[in-house]
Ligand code: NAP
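Only one chain is included here, represented as structure tokens and corresponding to the form predicted alone.
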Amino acid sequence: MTTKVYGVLGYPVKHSLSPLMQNAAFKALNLDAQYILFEKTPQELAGFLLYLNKEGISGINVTVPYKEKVIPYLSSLSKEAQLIGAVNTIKVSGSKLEGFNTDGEGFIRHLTGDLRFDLRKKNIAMLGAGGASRAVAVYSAIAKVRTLAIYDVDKEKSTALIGQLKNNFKDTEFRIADSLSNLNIQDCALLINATPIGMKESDPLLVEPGLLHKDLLVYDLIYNPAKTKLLQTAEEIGAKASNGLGMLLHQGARSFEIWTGKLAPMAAMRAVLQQKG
């Protein structure tokens, strides 16, 4: 029996905890499979994707900065991936590459299930308009948030995302923020960081402490390090804070189910992440 190979594609990707989680899942179900890192430069991306099926790889996760860039190489997209415009899971079916997005579902499952946070009629603010933020924004709109303000240093990205959201969701008010102060965080129940800023020790604090408040949940999609400067600051002022480890768990479980057709062993996956996180 040939060992099935899965992995995570990104650049950089060495920080990823996905191998720990997915390999624990394979072990728990006695599956002959392994999950490894695929760190590819932008120049290597096309070649890797074009020959993915010939490398004996059964499926991959996709992370920064490739969630949108992989789409032209795929044979099909799930409904969620089409709506979001980004892919975080690829299933290799013969010569076909099928694209999915489990990020939004992972975010919602963690937020509403584990954290008991009800998004309905809430005002939320988000930093970033890339692949992960697209998934979070779409699923937040599905959950019927009242308002969603987005700030990105690349205003074209936030403008494009807001335009897409307005076309698909009529019950939520969407707004482009020209600056961090214009996010109106003081009126929000939830602040989401969907940028990679905070992963490095040298990264600046994204939001001035004075813009945060005690009734706020600050949710950072980053999970390594476990506490970014943003989360540390949130805790210091008495706000609730969560990293993206729970989102990683739930999106990873959905990816596992897409690849294998088996129910993900959540307890085993959660246990190994909690040890590391």
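For clarity, every value in this text was computed on a predicted model and none was experimentally measured. All residue numbers refer to positions in the sequence shown, first residue = 1. In this text, rigid core is short for the largest set of C-alphas that superpose within 1.5 Å between two forms.
Same protein, other form: the form predicted in complex with this ligand, not shown, and the subject of what follows.
* **Residues K67, G128 and L206 all lining this ligand in the predicted complex, heavy atom within 4.5 Å** => Yes, the whole trio is in contact, each within 4.5 Å by some heavy atom.
* Asked: Quick one: does P196 come within 4.5 Å of this ligand in the predicted complex, counting heavy atoms only?
  -> Judged by the heavy-atom cut-off of 4.5 Å, P196 is in contact with this ligand in the predicted complex.
* Determine whether any heavy atom of L212 comes within 4.5 Å of a heavy atom of this ligand in the predicted complex, and answer yes or no. => Flag for L212 set to no.
* To do: Would you please decide whether E80 lies within 4.5 angstroms of this ligand in the predicted complex, comparing each non-hydrogen atom pair?
  => E80 lies outside the contact set for this ligand.
* Just to confirm, K157 within 4.5 Å of this ligand in the predicted complex by heavy atoms? -> Yes, K157 is a contact residue.
* To do: Note which of L49, L231, L248, A33 lies within 4.5 Å of this ligand in the predicted complex, where distance is taken over heavy atoms; exactly one does.
  => Selected residue: L248.
* To do: Choose from 116-124, 167-175, 198-206, 140-148 the stretch whose residues reach within 4.5 Å of this ligand in the predicted complex, heavy atoms counted.
  => Within 4.5 Å of the partner lies stretch 198-206.
* Pull the contact list for 199-223: residues with a heavy atom within 4.5 Å of this ligand in the predicted complex, in sequence order. => Heavy-atom contacts within 4.5 Å come from M199, L206, L221, I222, Y223.
* Comparing between this form and the one not shown on the rigid core, is the C-alpha shift at T63 2 Å or larger? -> Moves: yes, 2 Å or greater.
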